[in-house]
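The chain below stands alone and is given in structure tokens; this is the form predicted on its own.
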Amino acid sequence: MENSELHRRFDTLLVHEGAHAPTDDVRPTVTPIYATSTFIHSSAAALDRAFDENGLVYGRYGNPTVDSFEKIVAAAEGGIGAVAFASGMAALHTAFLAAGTPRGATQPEASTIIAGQDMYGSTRTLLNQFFAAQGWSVSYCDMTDLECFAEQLRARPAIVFLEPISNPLLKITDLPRIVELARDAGARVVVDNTFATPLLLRPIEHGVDLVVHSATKYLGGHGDVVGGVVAARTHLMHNTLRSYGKLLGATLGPYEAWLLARGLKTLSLRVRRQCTSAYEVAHWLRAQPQVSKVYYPGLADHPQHELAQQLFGGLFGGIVAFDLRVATQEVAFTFMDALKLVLPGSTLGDIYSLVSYSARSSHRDVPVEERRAQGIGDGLVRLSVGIEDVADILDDLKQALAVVQ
């Protein structure tokens, strides 16, 4: 690697990392889509070596287009490598298996997981219905309460899992302190960094072992692809991820990888714009009579506002959540149906502004009692701010709120 490449800054890495891969004597500007299920070698001996050296053999084992995407993510997150998957849930599933593997062993055993109580509903379902059924012990903790967390660590968990920006209430976790306490207890730390993106937070710099993304969201950013990826801090974790990825077969396809790599090149431009607009939207919403509460770490009255400033360097994310004053599903649906620019959708992080009703989307499978205990009420709306002109977003919110006056 040339010395000039050693000091490339974040935005430059996103544009150039993993691109321009040579093909014979020609370097394409954009990595091609390698639409092949298998790879031919010059001899049987060369094929045999490729198996031993993790070379190109079969689509489930690796693909140059997928490899390009993985390199960009690894560079963006500051990891030693990354492994891509067919969805964010497949990535999360494999990350738990890898993190729960005893150090130096090749097979997982029953483990204990301490997870943040505030998280994506399907992640909670994965832990409760899948891993618990496999004999894993799963407990939950408010990760903003460090005394509670320290107490739970007495169980000597194998894994600590959290979302640095929680879905959907946007609670902020003191990640450096969490990692310090977890490390002292001998636990590996897995983080879902989907909401923050590596623009706001690079968890591996704080000692996190595995960083998971639903690449469908901000990494892809255009609403046209589903995928997931995990970045690893150590070679052991990266190799374990790769091994399990081959066995489980939830492989990301080359077409999807190409779209995700393309999306990553503009991540910084998109997310900076979304953060700036979300900040303005959050302050505007707080002044509206139809809104009783706004959840956004950029607001001075957010419980972890100062922590968010320290961790995220002045950006606060592109998601805003808020409670409608008349907190019923009927009113929430009326508001959503009245929107003309902002789109109703069960995803986030797109160039389009998207609105969802958490109780019936991201947390649909979470029991009502658990949902309400987390603070997800019947009037909660989650808004993923897009890259449209913020004045147009505000105009649309204003006219829709007028309908539920």
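Residue numbers run from 1 along the displayed sequence. Treat the numbers as computed from the prediction; the structure is a model and nothing was measured.
This next part talks about the form predicted in complex with a small molecule, which is not shown.
Three-residue site S87, Y120 and D192 fully in contact with the small molecule in the predicted bound form at 4.5 Å by heavy atom: Judged in the predicted bound form, S87, Y120 and D192 all sit within 4.5 Å of the small molecule.
In the predicted bound form, segment of 128-136, 208-216, 146-154, 246-254 with a heavy atom within 4.5 Å of the small molecule: Among the listed stretches, the partner-contacting one is 208-216.
Partner contact for E163 in the predicted bound form: the small molecule, 4.5 angstroms, heavy atom: Contact check for E163: yes, within 4.5 Å of the small molecule in the predicted bound form.
Contact test in the predicted bound form: I376 vs the small molecule, heavy atoms, 4.5 Å: I376: no, not in contact with the small molecule in the predicted bound form.
Touches the small molecule in the predicted bound form: S277 (any heavy atom, 4.5 Å): It does not: once the small molecule is placed as it appears in the predicted bound form, S277 has no heavy atom within 4.5 Å of it.
Heavy atom of L348 within 4.5 Å of the small molecule in the predicted bound form: Answer yes; at least one heavy atom of L348 falls within 4.5 Å of the small molecule in the predicted bound form.
Selected contact from G318, P198, G227, G221, since only one has a non-hydrogen atom within 4.5 angstroms of the small molecule in the predicted bound form: Among G318, P198, G227, G221, a heavy atom within 4.5 Å of the small molecule in the predicted bound form occurs only for G227.
Answer option from I178, L92, I204, L241, heavy atom within 4.5 Å of the small molecule in the predicted bound form: Selected residue: L92.
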